[in-house]
Every structure is written in structure tokens, then in C-alpha cells.
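The chain below stands alone and is given in C-alpha cells; this is the form predicted alone.
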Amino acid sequence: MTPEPRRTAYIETYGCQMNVSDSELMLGTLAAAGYDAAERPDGADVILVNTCAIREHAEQRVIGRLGELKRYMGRDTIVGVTGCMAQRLGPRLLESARHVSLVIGPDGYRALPELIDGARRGQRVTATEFDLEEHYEDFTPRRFDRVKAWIPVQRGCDYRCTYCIVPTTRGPERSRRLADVVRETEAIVSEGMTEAVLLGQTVNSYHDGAHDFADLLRAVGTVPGLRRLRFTSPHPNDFPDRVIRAMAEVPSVCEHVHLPMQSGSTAVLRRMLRRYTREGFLDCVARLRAAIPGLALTTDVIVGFPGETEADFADTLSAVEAEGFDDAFRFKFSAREGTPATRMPASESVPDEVAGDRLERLIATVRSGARGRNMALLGARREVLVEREARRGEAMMARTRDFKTVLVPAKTARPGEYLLVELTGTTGSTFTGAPVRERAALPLAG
């Protein structure tokens, strides 16, 4: 008898690296339940949209996409919404999208195969309970990337910034055991990957009850065969000297930190409940740079937060100029239902046209500074790790240890390969690089 074809599952991911990691977990558990991964939604037996709730625009994109996905549904196709938007909206999603059968929050993926089976029997289910013990330790992720691995070390957040929905969608902070993180790192190295990225909402507040983030960096960073270790996203309050020493002393820890500033104004930071001042942020940067020569910094900045004055915004611009960020994710404030910022007086709202103007000025400041620093690097030699094909041209995309993007000729590079390149050109943000005769060691991703 001809065996029945295996069912297929398609997962579409929105949002942060934590969502990418969660999609890998979901795909892994579905593979164990007999599903193959589908590259496209058309023809898939299961379609899952793994969502972000950090900004209203992200949610609107997902709602629009759910409508588009109707055309890919067969008679028995199961459509589900997972992730932060699912956690935030819960049953409301089932009411507004009648073709959706499943709404599953970030702590509900263990039951995914059973929930899909129930949906085939006509059940429409919401699974959004928090599980403070859930770290999916027995799951085997089906990784999308064969060069680097996203490794969650922490779930949830205790900071409760007034603009942020994450504590509502991912619950309180809890950390994995250090030994489990080391075990997963050893596993990805055995599969041929040489770079790991540790993930957490405030990753450097990691503590498993016995070990802190400094211990974690030292343990993971010395796993044999791991050449590069990164982490995202840290909080400026959680860089004690012992963590900075570990960053400086462990050779695999890369010379790049994505350090969210959010605002350069102490008054705005206070309203955001960021729990540091402008001076405290600048001091954190100074300590990091003193300990780690050549450190590259990127950041997040929000403009138009309630009560932000032109003087407050000027403080943000001056901080950006002073710190010389290599890049910044820039956002206009987006009020999220359920956050304290929505309860601030209407009189403090910043008009959209004012926020838009500030955003344009911030973008220009960031780009101008980054372009000048990148032009000064032309002619320098850097080790790069080749990650994947570039979106256009006969080129491969690679990254330096300090997270600069370098395009190298496709005929000279393969994913997972380390090359020594000379930086030959820049658009202001991305470099072109030419491999030089002297080459770094060349391990390949499996």
C-alpha cells in the first residue's frame, strides 16, 4: 500500500528574534508529530501566523494578512494565530476572523499538535494561560538558519515600562537553567553552527537562582567550537562590572551591543519608567567602551512619547550624536491598549505631524553619523561570517564581529564560511568587501 502523504505546516513569523525562535520550536514539535514544513501557504494543511504586538502597525499588518490567507485555504486547512498578538487579543481574534480556529499564546505551544487535531473536529480554541515553568526544554527546534542559532535564555519581563505590552503578552521574567543553555549551545555546535545569539526581553538580567548573566557568558562562550557569541536585548540597568568583565574576557563574545536608549531626556525616561537617567545611560556606555575596545553600539529610540517637548527631543539628538551609534531602530510612539501610557493625560499627546518631523530629523542624524564613521573604515580588513544570499546582485551577505553588514562576491563565499575581507565601499550603512589572499579558518555550517 502507498503510505499516506505527510501533512504540511506553514509558519509565517512577524516581530522580534524571540518570535523567530518560537516559530522554530513550533515547527520542531509539529515535525515530531508527523508534519513537514511548507515553504508557502498554498496547499499547506496548517497555516500559523506567529505575531507581534509591540506596535499597532504590526497588528494591523497581521489582520490584513489573515484576510489574504483565506485564498490559500483548502476545505480542511487549519489556520491559527500564535504569539504576542494572540496572547493580547485572545477570543477577540476568533470573533473577528471566523476562518481562524486556534489562538495560542507563547506559553501554549506544547499542546499545539493536540489543538490542531481538535480544530479538525470543529473546535475553535483559545490557549493563552501563562506557564511560569515552561521553557520547552524537551523540544527540538527546526531551525531556519544553518549558520547561527537563536537560543532563548529567558522569557517574560519584570520592568513594566509604561509604553510596553511585553509583560502582558509574555508574562513575568523567568530564566532557564545555565546547564540547559550550555547543552543547547553544544548541540548547535555539533550541527555545524559557530555563532549563537542569546535571547531575552532583558537578557542581561538573567538569573537562574544560582548563576547570573556573567556566569552564563563565561559558560556558553567557552563551549568548544563556538566562535561568536551575541545577545539581545539587554537593559542598561543590568550591566554590573562583573558582566562587563565577562564580555571583555571571553574571546567569543562579539564587540557589539544593542543597547536600547529609548530617549536621551531624563524627563521622558522617567515617564517611560525606564529606571535610569540620561546620565546613567551615558555612564553605562562609557563603562562598556572603556572595557571593550572597538565596541559597536546600536540602539532603539522612540520619539513623540506623551509629554516630549522640543527640548526633550533635542536631548535625544545630542545623545545620539555624542554616543556615535552605528545604527538605531527609530519609532514614533504607538499607544498600546493595556499599557500605562494610554492613561496619560490627552494634553500630553504629541501631534502626529510633530512626531513625524522629529522622526525624520532623528533618522537624518543617525544616518549622517553612521555614514561618516563607515567611510573612515574603507580599506580596513575584517573577519566576516557569511550568512546567506543577498537580496539582490551576485553577492552573499556577511557580518563582521561588530555586526556590520558586508556584501561579498557570491563566487568566493559559502554560508557558514569565515573570510578575511577588505572593506572596499559603503552605501553609508552596508559595506562591500573583497576577500584577501590571507583567509581565516573555514568551518562550514552543516
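Here the structure is a predicted model, which is why all the values come from computation and not from measurement. Numbers follow the displayed sequence, beginning with 1.
Separately, the form predicted together with a small molecule exists; it is not shown, and the next lines address it.
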Does Trp150 reach the small molecule in the predicted bound form, with heavy atoms at most 4.5 Å apart? no
For Thr298, is any heavy atom within 4.5 Å of the small molecule in the predicted bound form, or not? no
Is Arg55 close to the small molecule in the predicted bound form, meaning a heavy atom pair under 4.5 Å apart or at it? yes
Partner contact for Arg336 in the predicted bound form: the small molecule, 4.5 angstroms, heavy atom: yes
State the residue from Val285, Cys164, Leu362, Ile244 whose non-hydrogen atoms include one within 4.5 Å of the small molecule in the predicted bound form. Cys164
Considering non-hydrogen atoms and a 4.5 Å limit, which listed residue (Thr194, Ser252, Gln262, Ser205) is close to the small molecule in the predicted bound form? Gln262
Any chance Arg228, Arg388 and Thr430 all have a heavy atom within 4.5 Å of the small molecule in the predicted bound form? no
Partner-proximal stretch of 277-285, 89-97, 326-334, 205-213 relative to the small molecule in the predicted bound form, 4.5 angstroms, heavy atom: 326-334
